[in-house]
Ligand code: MBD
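Below you will find one chain, with nothing else, as structure tokens; this is the form predicted alone, and questions on how it binds or moves follow later.
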């Protein structure tokens, strides 16, 4: 069964916007003016070329202005950019890597999730819906060396497609945890299998989806960040085979290398998935 419930665009967007403003802007301090000018000019030139190619009318232009204003009023710029733009930025930023493939972070990451050791369970509510899932893996370098003490941060949506801290009435750290690999770089994580979900559709992004005749679905996935001293941070999402939206994910984030291989177990499912990190 797939989830159809989702938080409101306004609430989700406001949380994502505030989180983004507090966490993400330090890296661009001091960007040369020449770089800013180059990127801004070429983006505008691409917009100009589209207008000329398709003979955009004033009515269409004014509709675009109105929609862009709505994106800001709804706090949906993080959602819009993460769904339709981030996957290309991620491809460019990681094309040099020899280790694991990554994919987009999305708007719902929260740092400093509770530490659970090398083997443990993410925080859940009593009787958390979803098939129990046990994940074992190892973190190594591209040299083959085990990365003792590597960090695996995990977060994912619940059975209704909702994320803690971005939807009401969910405990703060529900389905979020940090795991520290043992001396052999190994870890074991217990959680529940997430469900597919629709991104919020009651705001500006939903209006674009409806007007274009697109769907709003993301396949079920586990979010991870994997880090170790002296190595590049890996951000990824892991997907489940057979999901009907693996091939048409609205965020274009699914890659073959990120598909899991669940096996039935006495109590739910087990997966094994390892990480290879590139030296920094």
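Residue numbers count along the first chain shown, from 1. In this text, all values refer to a predicted model and were calculated from it rather than measured experimentally.
The same protein also exists as the form predicted in complex with the named molecule; that form is not shown, yet it is the one meant from here on.
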property	result
Partner proximity in the predicted bound form: residue 251 to the named molecule, non-hydrogen atom cutoff 4.5 Å	yes
The named molecule contact in the predicted bound form: residue 179, any heavy atom under 4.5 Å	no
4.5 angstroms heavy atom contact with the named molecule in the predicted bound form for residue 203	no
Proximity of residue 199 to the named molecule in the predicted bound form, heavy atoms at 4.5 Å	yes
Per-stretch contact check against the named molecule in the predicted bound form, the hit in 123-131, 165-173, 102-110, 143-151 (non-hydrogen atom, 4.5 angstroms)	102-110
Proximity to the named molecule in the predicted bound form, single hit among 189, 83, 192, 71 (heavy atom within 4.5 Å)	83
Sequence-ordered residues of 201-229 touching the named molecule in the predicted bound form, heavy atom within 4.5 Å	218, 221, 223
